[in-house]
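To begin, one chain is listed below as structure tokens, in the form predicted on its own.
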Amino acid sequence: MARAKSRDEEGVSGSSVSPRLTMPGPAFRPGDRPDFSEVDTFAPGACRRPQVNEPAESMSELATGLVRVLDDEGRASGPWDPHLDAPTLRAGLRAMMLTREFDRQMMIDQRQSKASFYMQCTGEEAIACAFHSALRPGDMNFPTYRQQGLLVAAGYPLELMMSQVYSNETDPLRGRQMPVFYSAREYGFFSISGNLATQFVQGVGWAMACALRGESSIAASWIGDGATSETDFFSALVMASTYRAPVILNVVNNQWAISTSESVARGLAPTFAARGRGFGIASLRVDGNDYLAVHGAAAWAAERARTNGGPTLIEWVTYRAAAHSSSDDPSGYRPGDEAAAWPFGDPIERLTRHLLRTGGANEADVEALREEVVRDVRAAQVEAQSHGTLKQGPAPSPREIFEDVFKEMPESLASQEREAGY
């Protein structure tokens, strides 16, 4: 006589248990006390630095580790330390401070109805500012709305960035883009696309075109953690892997895709960088709040791309300290003190500690730099506002929506222009 199956055995066979879905979510909600003690922060200097021509399959551990250089006291160690001199580090600190002060003033202006919308990158400044230093003239970034540090570090005029936010008469885009959707070809900053993840396929295609023309330029694409769930992300990885495109594929994991935890897009993958391993792409996971680690990893990936080593996928681990945008209230989905509890600290404070520790700057130098940054942003603000803001002063003519759309304007558009009275 056959033995009756136990309840556990029935569950294993699937005869009496139905599959259940799992809905991932954040570790902490409003009202919780954030505790990141279980996050593996990895020791600074612990990750090895492969040769730039090393096969991707032999460096798979770097996709689940964490490239770090600076410790909590500002000491630098390990093979990823780029050994930057003091003037270069001070320039990097200035770029980060300038980006943060720019963001602060633009958010104030948005609240005063001088702009319709704004998005800050508070806490993420090191990623864009340090990454820029690894690029050369002719390289092209395909950014999202949170890489304004690329332009700031490149020396793009702040007053032009502000004019674009205000949509005034000197807006380089003539009022035809959302605020913070900058475009500056001469600074290697491709027009921002509001449809996220398009940056990956655009960047891979641009890099492939450069290679076909025999040029030495490379591309850098940027998306956030949430956009990795888009099909463009996977399409770009296939093309980049197949053709060994000279491109750096950047995923900025700032823990939040608006109000959705990064765990939703990541799914069962241990990290976002780990997804690159399945495509045979060199993949790094890097402390995005560590200016030196960002610089070291970006320089490595850029050299790999330029020497025909192929693409690199980099997950920058950081935290979005501010709201998603001026339309967002993060208190509805995360604890108010979560940013302060983030174990990797603030990028500006960390680089400051390093400079003070190494003698690259003293307290007076840092304070003077802060005052200089505030003056520079204020001067740019005065200049930009003299040309108008969202609701005051001159603005681009509505007739300009018809210009620069086609090389030769079709009759359908010309008739609309006449109908509009232009």
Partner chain sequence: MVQAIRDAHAVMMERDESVVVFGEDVGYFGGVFRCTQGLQQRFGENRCFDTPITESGIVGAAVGMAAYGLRPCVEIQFADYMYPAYDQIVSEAARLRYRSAGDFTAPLTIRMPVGGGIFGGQTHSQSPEALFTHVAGLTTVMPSNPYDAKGLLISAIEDDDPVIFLEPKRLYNGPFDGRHDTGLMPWSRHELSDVPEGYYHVPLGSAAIRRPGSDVTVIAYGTMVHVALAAVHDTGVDAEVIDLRTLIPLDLTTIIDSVSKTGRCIVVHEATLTSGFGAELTALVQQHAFYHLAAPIERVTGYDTPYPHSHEWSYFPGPERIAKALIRVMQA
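Computed from a predicted structure; not experimentally measured. Numbering follows the first chain given and starts at 1.
Keep in mind that the form predicted together with the partner chain is missing from the display, and what follows is about it.
- The partner chain is not shown here, and in the model of the complex it never comes within 4.5 Å of any heavy atom of Pro270.
- Among residues of the shown chain, Ala227 is one whose heavy atoms approach the partner chain to within 4.5 Å in the model of the complex.
- In the model of the complex, the partner chain lies within 4.5 Å of some heavy atom of Ser116.
- Within 4.5 Å of any heavy atom of the partner chain in the model of the complex lies no heavy atom of Ile108.
- Considering the partner chain in the model of the complex, the lone stretch of 48-56, 385-393, 356-364, 61-69 in range is 385-393 [heavy atom distance within 4.5 Å].
- Proximity to the partner chain in the model of the complex, defined as a heavy atom within 4.5 Å, holds among Ser77, Thr260, Ser325, Thr88 only for Thr260.
- With the partner omitted from this view, the residue of Val238, Val264, Ala209, Ala340 that lies near the partner chain in the model of the complex is Val264 [heavy atom within 4.5 Å].
- Using a 4.5 Å cut-off to the partner chain in the model of the complex, each of Ser167, Tyr333 and Ala420 places a heavy atom inside that distance.
- Residues of 24-41 that come within 4.5 Å of the partner chain in the model of the complex, judged by any heavy atom, are Arg29, Pro30 in sequence order.
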